[in-house]
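Only one chain is shown below, in structure tokens, and it's the form predicted on its own.
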């Protein structure tokens, strides 16, 4: 059984009458690298929110890690890493980067429990993987936008998720940082963790098979396997021009 199974789902934001996602089906297996592209307002972020149980599924059925998203959304979110788009920490946020990464362990810890050696090890490993050891003691609010992005990626890696989802994770990062992190994600895929990444820029994709999902108007326009080098061309054809994607 696939890790993610969406069968003819419709989703709508609370208070909204119009479906944002319409009759969408998608299956993602362990160890897949899924790139989600398409025009602005195509439903890419909404797709991630639907998988994570953050938006109501009005019709159809969705399961993630064997759990029904409509009835077990809290448990789904414990198993899914999700780096959201456009997050922001106030400059006066007192937590250090290391503490923010440790918060990724809270779903495993439970309420009122102290971190164990395993938790500290997972945090140290995540910080090392993302390459932010020099930021560990720095308060998150004083970090640049790119540094905060790296911290939130480490936060979700420390969670040891069964699925990793990323919404425009490279918007504040230069090419070398993007390329480095793509290598990190490639290693996660090799361990069996599927990656789902919404993106507008497709340079630096890892040299592994890509499961490409192209969305348009709340539906999947294309769902196919391709190489990293083919992604941009396919997206360009769907969008008409890359600057509209």
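Numbering follows the first chain given and starts at 1. Since the structure is predicted, the reported quantities are computational estimates derived from the model, not experimental observations.
Missing here is the form predicted together with a small molecule; even so, the following discussion is about that form.
This chain lacks the partner; the member of 20, 235, 9, 228 within 4.5 angstroms of the small molecule in the model of the complex by a non-hydrogen atom is 20. Site annotation in the model of the complex: the residue of 191, 40, 176, 58 reaching within 4.5 Å of the small molecule with a heavy atom is 40. Of the candidate stretches 180-188, 203-211, 44-52, 63-71, only 44-52 has residues with heavy atoms within 4.5 Å of the small molecule in the model of the complex. Mapping the unseen interface onto this chain, residue 96 falls outside it, with no heavy atom inside 4.5 Å of the small molecule in the model of the complex. When the small molecule is considered in the model of the complex, residue 85 lines it closely, a heavy atom lying within 4.5 Å. For the chain shown alone, residue 168 is a contact residue for the small molecule in the model of the complex, at least one non-hydrogen atom being within 4.5 angstroms.
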